[in-house]
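Just one chain follows, in the form predicted alone, and it is written as structure tokens.
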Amino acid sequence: MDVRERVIVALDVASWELAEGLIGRLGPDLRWVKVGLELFSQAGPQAITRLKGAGLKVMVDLKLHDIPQTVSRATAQLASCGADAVTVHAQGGRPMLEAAVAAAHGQGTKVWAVTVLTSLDDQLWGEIGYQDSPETSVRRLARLARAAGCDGVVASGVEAKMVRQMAPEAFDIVTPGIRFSGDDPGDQRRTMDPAQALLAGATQLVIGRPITAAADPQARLRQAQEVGL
């Protein structure tokens, strides 16, 4: 993989104008961006088509979680806009995951299944009602995602090594919750620095505030892309 493809920059901003300005500051090494709930809620599907028109690869991170037919139709719509990857919640179950895969693969779009949010730790996971630890749940959900034909999972760096041992072949491990040494973790609980996450088996890193809020976003992006070289 081209090292510039390692990092997916999260465009977690309130408007298309802010996203466009941020892209300009990130410079020509930018390859992947993430459109999440905030930007999609303001700019809609046009955000995807505009980003594709700018030559970028787009991860649409809406974490779809509904009945299979609804998820299938939503996935097909996002794929038709040019999304390179869409996220769905693995907890939606195998029929839902299979429906998303069927809708996406026909248009060349990847499906990445979200396991356990990086904002949750053992305590918060237990408060929801789960008896298993986040790690055990990630293992179970990653197996389900593979069985359903998903292209990969979204999981923290803490679980990346375990997932890679389960899936040594081409299976994407997309890791959010990335923080550089000294960064404020913010609302993230299961965090890891870029070098550790890649060493653990992550294929791509989703990084938002540590890049987008940096004094020099372009330099911070390059730092993340060149980890381990």
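Only a predicted model underlies this, so the values are computations on that prediction, with no experimental measurement involved. Each residue number is its position in the shown sequence, starting from 1.
Absent from the display: the form predicted in complex with ligand C5P. The rest refers to it.
Here the marked residues Ala76, Leu97 and Cys150 all miss ligand C5P in the model of the complex; none has a heavy atom within 4.5 angstroms. Of the candidate stretches 39 to 47, 55 to 63, 24 to 32, 194 to 202, only 55 to 63 contains residues with a heavy atom within 4.5 Å of ligand C5P in the model of the complex.
Taking the partner from the other structure, ligand C5P in the model of the complex has no heavy atom within 4.5 Å of any heavy atom of Glu20.
Contact annotation: Val154 falls within 4.5 Å of ligand C5P in the model of the complex, judged by heavy atom distances. Remark: Val116 counts among the residues lining ligand C5P in the model of the complex, judged by a heavy atom distance of 4.5 Å or less.
Proximity of Pro217 to ligand C5P in the model of the complex: non-hydrogen atoms within 4.5 Å are absent; the residue sits far from the partner. Residues in 65 to 103 all lack a heavy atom within 4.5 Å of ligand C5P in the model of the complex.
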